[in-house]
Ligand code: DP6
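Take a look at this one chain, the form predicted alone, written out in structure tokens.
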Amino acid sequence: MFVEFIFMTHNRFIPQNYNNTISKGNVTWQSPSNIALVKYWGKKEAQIPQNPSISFTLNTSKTITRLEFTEKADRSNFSFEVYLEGEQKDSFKPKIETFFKRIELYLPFLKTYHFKIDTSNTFPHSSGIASSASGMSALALCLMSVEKLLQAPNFNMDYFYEKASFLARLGSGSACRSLKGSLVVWGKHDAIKNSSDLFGVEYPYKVHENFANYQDTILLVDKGEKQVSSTVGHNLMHNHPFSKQRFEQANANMVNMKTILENGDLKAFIELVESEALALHAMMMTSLPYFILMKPNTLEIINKVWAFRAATGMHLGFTLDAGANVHLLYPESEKQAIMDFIKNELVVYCQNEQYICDNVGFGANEML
């Protein structure tokens, strides 16, 4: 049923014929992580989101993936090896095997080659920063570069990125938002031109200068493995008592965010983004089974941020991913004072006093 659904809905991503034959080669891409402002939580079959989302693309928090490919005689199975920071990681193979099975229909050369996947992150491994978005998007881009070599010279680059985002989604939903920037929408919404459930699209409307080079300082509160995976959390939305209301809230917030991005209202931006973060975690705490991914220090930081904002009038807000870490979002014009506050009052709540300074970026890049 999964394959039938995919075929009927997405057949324009199935290639007809390749023009070239290549025995071996290598490609390298770097792709950033992203942080959702309006969150998606809950998905349908085939990695389709239950509600649309919009995210900031990050700049320095990236995955760099080099893909080597060598033609092989036996084409009955997938053949690949995976390395992280130069160390072989067989524990990653099941997830990539699943990914390859999902995308084989769209990349029929996958069993033609043996692949060596060598990946590294610019952020600390096991830091609590989700690497699935940056990692799967980088791998999808590498595979699309292989297809481009096979299909050259007539390969449309708009199609390249659209299909890469489509493929990345089948590895990790949020990965489809990491290819472009600075704002990316994933999920069909009537208020967003060309939006799609199948891939991420660059936000197509005017964005106020207040959001130029917006800052994201990531406080690493807890670097341990989450007690409940995001996949399990998404699935718990199927029978969640508040899921309908949550999906309606997210759809309404997409409209509200469009207005905010145009008029540059930072107070309204903070209110919407923080409420979205807390709504995400409220869904976790009210699912069955219920779970809490925030830690005591997460709440300490939130309360400190609220007190700082009330005392100074500065536009420091927070958002959360599906974990304990806190993303502090603020305009570049207030960076110095806010960084002083972070160093003096918030770093103490980070594990090993670790944090990452990032800002809005513009997507993935091929490394030649």
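Note that the structure is predicted; figures quoted are calculated from it, not measured. So that there is no doubt, residue numbering starts at 1 and follows the sequence shown.
Unshown form predicted together with this ligand; subsequent notes refer to it.
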| property | result |
| --- | --- |
| Candidate from Ala36, Ile342, Ile301, Ala324 lying within 4.5 Å of this ligand in the model of the complex - any heavy atom | Ala36 |
| Listed residue (His234, His114, Lys148, Lys258) with a non-hydrogen atom within 4.5 angstroms of this ligand in the model of the complex | His234 |
| Partner proximity in the model of the complex: Phe56 to this ligand, non-hydrogen atom cutoff 4.5 Å | no |
| Exercise: Gln47 in contact with this ligand in the model of the complex, heavy atom 4.5 Å | yes |
| 4.5 Å heavy atom contact, Ser132 to this ligand in the model of the complex | yes |
| Partner proximity in the model of the complex: Gln215 to this ligand, non-hydrogen atom cutoff 4.5 Å | no |
| Stretch in contact in the model of the complex with this ligand, which is absent here, among 75 to 83, 148 to 156, 202 to 210, 167 to 175 (heavy atoms within 4.5 Å) | 167 to 175 |
| Residues from 254 to 289 in contact with this ligand (non-hydrogen atom within 4.5 Å) in the model of the complex | Leu280 |
